[in-house]
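Shown here is one chain on its own, the form predicted on its own, set out as structure tokens.
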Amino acid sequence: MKRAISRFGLLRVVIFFGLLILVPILGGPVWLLNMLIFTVMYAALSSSWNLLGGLAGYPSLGHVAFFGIGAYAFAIMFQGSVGDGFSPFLALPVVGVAVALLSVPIGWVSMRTRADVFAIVTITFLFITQTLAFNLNSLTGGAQGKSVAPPPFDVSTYDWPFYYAMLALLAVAMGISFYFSRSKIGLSLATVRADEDKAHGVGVRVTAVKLIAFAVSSGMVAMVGCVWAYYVGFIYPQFAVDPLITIGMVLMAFLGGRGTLWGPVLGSFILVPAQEFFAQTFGASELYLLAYAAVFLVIMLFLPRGILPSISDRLRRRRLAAEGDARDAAQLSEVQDASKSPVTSEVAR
């Protein structure tokens, strides 16, 4: 029986999260931790989106709507006071569960469509949410924005709680993705992704597993939105419900490898620092967007399925080729041995 996780896989997880946990403790420039906060944030967003867009094969382009809903829900809850500053983090699961439940009827309607139509429906939901954020002034503050009470954290370690909260959400998102991929839910989602009609035919509860993926993914994205709102302190509709956030989480999943555990994380740790580098290099000219897109296009041109699946495919082909060469060599050796045997020689005479 195959073990749920290999020793190498466990070691990789321990090393990855261990290093990230040590980053603030070891010290460094303020900009580094700030960049890591947004890198880990996008890794958590992309991993959460991957539960639906990767495992289920339903590429939602409106997931940032749940990000914005989570951000505004958090701002409404803590616009007056945040107490000691740490207690608001305990509200994250509450917001996540509430948004997950809210997303069920939305998912039920939108997931009656497929492929391109589903993407269009989710984009429509994105712009509906953004329009509501601009116009529901009593709740969102409209174009004037809405603030979150600042936490009384020490200045020298102010970013630490937000960083570790984002890191915890990334760990949860990856843990859920790992569980999905090795459970009946993941098997059902893979069947749906391959052929939904056949999935119906073999008895998969298609609607149920799709809604589970949609709800869990939406709830995780909403919790990331909460931490983001708490960190930036003041949220506006054009930033809380920004289509570029959706584009970012989708591109990172595709770049690293959609449907894989580490693909979205790898894509995030490539594209977010690259974006920051190009933004610093090209400045206000916004040419960095072209360089940012070029990085993605070059990699997708040579690694069309994403980095991890493409590398895995190449290694598998090399291994199969090596095994084939070994079999050919073994067969040739057997033929040569047979030709040298006394029986074969006698028959030949």
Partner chain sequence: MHALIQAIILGILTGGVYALMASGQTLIFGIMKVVNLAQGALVVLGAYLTYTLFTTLGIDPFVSILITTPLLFLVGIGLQWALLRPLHGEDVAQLSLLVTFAIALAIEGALSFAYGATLTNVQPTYANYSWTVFGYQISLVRFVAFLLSIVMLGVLYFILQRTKFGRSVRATVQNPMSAQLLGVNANRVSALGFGLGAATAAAAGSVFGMLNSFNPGSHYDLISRLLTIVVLGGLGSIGGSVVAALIMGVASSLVSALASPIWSDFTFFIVLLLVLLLRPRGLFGAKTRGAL
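Bear in mind that the values here come from a model prediction, so they are computed numbers and not experimental data. Numbering follows the first chain given and starts at 1. Only the largest set of C-alpha atoms that superpose within 1.5 Å between the two forms is called the rigid core.
Although not depicted, the form predicted together with the partner chain is the subject of the following passage.
In the predicted complex, at least one heavy atom of Val109 sits within 4.5 Å of the partner chain. Taking non-hydrogen atoms only, Asp197 approaches the partner chain to within 4.5 angstroms in the predicted complex.
The partner chain is not drawn, but in the predicted complex it has a heavy atom within 4.5 Å of Val250. Contact between Thr113 and the partner chain in the predicted complex is found at the 4.5 Å heavy atom cutoff. This chain is drawn without the partner chain; in the predicted complex, the residue among Val206, Ile270, Val232, Leu132 with a heavy atom within 4.5 Å of it is Leu132. The listed set Ala322, Leu290, Val30, Ile311 contains one residue whose heavy atoms approach the partner chain in the predicted complex to within 4.5 Å, identified as Leu290. The candidate spot formed by Val117, Val121 and Met300 lies fully in contact with the partner chain in the predicted complex, as each residue has a heavy atom within 4.5 Å of it. The stretch among 208-216, 124-132, 145-153, 79-87 whose residues place heavy atoms within 4.5 Å of the partner chain in the predicted complex is 124-132. Contacts to the partner chain in the predicted complex (heavy atom within 4.5 Å) from stretch 43-76: Gly57, Pro59, Leu61. Core-superposed comparison between this form and the one not shown: the CA of Pro29 stays below a 2 Å shift.
After superposition on the rigid core, displacement of the C-alpha of Leu315 between this form and the one not shown stays below 2 Å.
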